[in-house]
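Starting off, we have a lone chain in the form predicted alone, written out as structure tokens.
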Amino acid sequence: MGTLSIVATPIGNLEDVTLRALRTLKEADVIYAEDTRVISKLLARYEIKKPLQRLDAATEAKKADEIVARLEAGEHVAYVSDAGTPGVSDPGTRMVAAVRAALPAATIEAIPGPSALTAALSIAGIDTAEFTFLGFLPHKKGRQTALREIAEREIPTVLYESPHRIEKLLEELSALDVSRVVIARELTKMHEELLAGTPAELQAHFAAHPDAVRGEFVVIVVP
């Protein structure tokens, strides 16, 4: 029976990859990736040449069957998402579940590393003894209910948001009288930025700095 390695990769700075992750990628027979073009940059940086297969959210079920067959043949399979830890608001969970169901005795190992969630919490300067992580909120159905619940929570809530919706999210939080939000943007990249204030203050910041409305956002709603 082969081994399935779920490998965390950098969220920005390519130097954040772990030694174990590099060794695992070098030893794997094949690497499945959310986007082969993205992982190719990391592999080229560290001179790793391996067969690549795409496995994104739309192809998890189909490609899981392929991975099961490879594991049955004794292969070492690695899986990476575009950035950070697979399965955390990224593809991977359904594939892992399918492998566990088909091959209960298979070795599935976590190769831990970067995560935007923990990176943001580590520099936010808030009490992180307890928090709720919701990932990306639904765009329509259930969104307002989720936002009202967030506004009423007594512990921090962490969200991911895209540049196309960050200003709308701040507007929604302001309407719910949320008093403090921390935003981490472009973590580990050249334009990394951490902002804190009321939703209205952060709206004003982005209105005054439209170039800052880009990249990935980690949003922490502070009770």
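Residue indices: 1-based, along the sequence shown. All figures in this text were calculated on a predicted structure; none of them were measured in a lab.
Below: the form predicted in complex with a small molecule, not depicted.
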| query | finding |
| --- | --- |
| Residues Val7, Val30 and Tyr79 all lining the small molecule in the predicted complex, heavy atom within 4.5 Å | no |
| The small molecule contact at Ile220 in the predicted complex, heavy atom, 4.5 Å | no |
| Non-hydrogen atom contact Glu186 with the small molecule in the predicted complex at 4.5 angstroms | yes |
| Distance check, Ile11 to the small molecule in the predicted complex, heavy atom within 4.5 Å | yes |
| Partner proximity in the predicted complex: Glu161 to the small molecule, non-hydrogen atom cutoff 4.5 Å | yes |
| Heavy atom within 4.5 Å of the small molecule in the predicted complex - the one residue of Leu121, Leu103, Val88, Ala151 that qualifies | Val88 |
| Stretch in contact in the predicted complex with the small molecule, which is absent here, among 109 to 117, 123 to 131, 70 to 78, 137 to 145 (heavy atoms within 4.5 Å) | 109 to 117 |
